[in-house]
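Starting off, we have a lone chain in the form predicted on its own, written out as structure tokens.
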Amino acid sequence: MADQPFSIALHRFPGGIALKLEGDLNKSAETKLLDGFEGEAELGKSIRFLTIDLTKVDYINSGGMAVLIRLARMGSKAGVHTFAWGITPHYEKLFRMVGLTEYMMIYPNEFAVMQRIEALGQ
């Protein structure tokens, strides 16, 4: 299987940021993924929610897992609730094993995530 180039689409919604990831998630994706958050002064203030769509991510290696952990921990430290969906059962098991689910809630789809955000009260 050939490497799939990583891409990210970011859009804001009231109270949060939504990330749509596509391609292979590995260490080389770190710059693209974290650049928008390192200087994000609004994390934990006007941005209370981070959603991550992984439906188009076919491969995550240990470097990619580390990037997700770093992103979720950064959000957690700022008081941001992080949610993800589109995760295969294999990766969901790995996320639990490495402790990523301590910082990021996993849901079956975007609708379930948005219902949870609504329940938390934007």
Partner chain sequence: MEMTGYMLLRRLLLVYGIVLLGGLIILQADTMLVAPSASAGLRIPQLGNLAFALVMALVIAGYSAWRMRPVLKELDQQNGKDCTGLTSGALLRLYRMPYELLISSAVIGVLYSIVYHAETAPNNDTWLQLLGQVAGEQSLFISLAIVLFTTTRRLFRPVMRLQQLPDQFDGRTSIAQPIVLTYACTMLVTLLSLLQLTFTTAKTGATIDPYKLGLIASFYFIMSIALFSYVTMQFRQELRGLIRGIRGLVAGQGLPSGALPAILHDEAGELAVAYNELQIRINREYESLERELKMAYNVQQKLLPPGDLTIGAYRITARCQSYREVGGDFFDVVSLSPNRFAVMIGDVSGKGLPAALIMSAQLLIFRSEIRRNGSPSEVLARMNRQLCEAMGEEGSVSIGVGVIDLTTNEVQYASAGHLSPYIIAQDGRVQAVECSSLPIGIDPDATYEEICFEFNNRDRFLLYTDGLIEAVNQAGQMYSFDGLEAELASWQPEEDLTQTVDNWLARMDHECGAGMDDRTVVVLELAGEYRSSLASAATFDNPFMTREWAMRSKLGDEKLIALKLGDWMKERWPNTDIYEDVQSAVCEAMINAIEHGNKMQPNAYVNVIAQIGGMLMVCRIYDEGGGFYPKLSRDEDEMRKKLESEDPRGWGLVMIDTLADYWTTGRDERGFYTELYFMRKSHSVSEAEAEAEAEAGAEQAAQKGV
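All values reported here derive from a predicted model rather than from experimental measurement. Positions refer to the first chain, counted from 1.
Just so you know, the form predicted together with its partner chain exists too; it's not on screen, but the next bit is about it.
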### Query
Does its partner chain get within 4.5 angstroms of any non-hydrogen atom of M105 in the predicted complex?
yes
### Message
Although the partner isn't part of this model, could you tell me whether A66 comes within 4.5 Å of its partner chain in the predicted complex, counting any heavy atom of the residue?
### Response
yes
### Query
Any chance N61 has a heavy atom within 4.5 Å of its partner chain in the predicted complex?
yes
### Query
So, in the predicted complex, is S7 in contact with its partner chain at a 4.5 angstroms heavy atom limit?
no
### Query
Three residues, K32, R48 and E110; all within 4.5 Å of its partner chain in the predicted complex via heavy atoms?
no
### Query
Of 12 to 29, which residues get within 4.5 Å of its partner chain in the predicted complex if you count heavy atoms?
D24, K27
